[in-house]
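Only one chain is given next, in structure tokens, and it is the form predicted alone.
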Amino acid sequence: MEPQKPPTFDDVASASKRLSGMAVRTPLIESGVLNAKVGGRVLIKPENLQRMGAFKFRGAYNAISRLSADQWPGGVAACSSGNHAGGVAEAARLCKMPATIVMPEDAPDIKLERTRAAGAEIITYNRHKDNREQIAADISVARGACYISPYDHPDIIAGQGTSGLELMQQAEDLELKPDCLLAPCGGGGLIAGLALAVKHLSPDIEVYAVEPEDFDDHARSLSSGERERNSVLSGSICDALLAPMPGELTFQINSKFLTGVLTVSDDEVRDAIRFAFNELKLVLEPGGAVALAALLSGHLEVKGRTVALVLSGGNIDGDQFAGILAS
């Protein structure tokens, strides 16, 4: 099999047409309180309002809608901590294909429930002992299912990039041009797709990935020039961002387009979740709040600048959310 080529801006534009009428065109919103707090103008893209509560539906539908049911009688298979699982399950349901998802046994209940509700079969694994990619690969072969990567596939990356294309169009409608963009980063599919879109439309824009502390594989990889692996696979509340290392395709894109990588602590993420609820009236999961956390914590100087911010998901268990709000 020939190595896959990274997608281009044209692939993002094609994905946008494919997703029209299927994905939610999430709004671009502002908060006077947030603007005043950071001293700049912040344009917020709340992908927690997307189908299944996260941006992941974009890439999943872009990939699955291009498959032939005759070629893949077993439908699709995927591995995910939760949001990709939900996106694949929903996209497969809409495309009338079966889906089998390999999910960690400690995944948030809301993510397990949403995935099952969309009709997918779930097979759980232990983060510390099992290889989720191998489990999903074995299922794909046994069932004749197409493996849908959570981030390292051209169609997935292009689909995620449609949120960046929308963001830039919405900013233009407001007669604004963002100086920089911040977005969460796990395997790197979202930030890679965003970078493809926004750097094509505005070459001077700065693009920053945001990772949890101790899971800064992209930061270390950009520094060394090679893909670096995280030493642990759990230990942060940001369950959606705990990929073992950058993807091959995503690293090719991100090493070219990223201005830098910021890291945030779990406490900073908790503060961001509380701020989003109290001031933005938005419910965010930890992984979905890291870009806001970086901004609120002053990890990037944005005074007098226009900042684009992607909030990537809102699938948080009620008990965890209540505990964060009460702390």
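The first residue of the shown sequence is 1; numbering continues from there. These figures come from a predicted structure and were not determined experimentally.
Same protein, other form: the form predicted together with a further copy of the same chain, not shown, and the subject of what follows.
- Across the proposed site, E279, N315 and L325 without exception bring a heavy atom within 4.5 Å of a further copy of the same chain in the predicted complex.
- In the predicted complex, a further copy of the same chain sits within 4.5 Å of a heavy atom of V24.
- Contact annotation: I110 falls within 4.5 Å of a further copy of the same chain in the predicted complex, judged by heavy atom distances.
- In the predicted complex, none of the heavy atoms of D266 sits within 4.5 Å of a heavy atom of a further copy of the same chain.
- Contact between H200 and a further copy of the same chain in the predicted complex is not found at the 4.5 Å heavy atom cutoff.
- Taking a 4.5 Å heavy atom cutoff to a further copy of the same chain in the predicted complex, the contact residue among R227, H153, R114, R132 is R114.
- Checking L34, L258, V302, V283 against a further copy of the same chain in the predicted complex, a heavy atom within 4.5 Å turns up for just one residue: V283.
- Contact annotation: a further copy of the same chain lies within 4.5 Å of heavy atoms from the stretch 41-49 in the predicted complex, the single such stretch among 286-294, 41-49, 258-266, 62-70.
- The partner is not shown here, and in the predicted complex the stretch 218-257 never reaches within 4.5 angstroms of a further copy of the same chain through any heavy atom.
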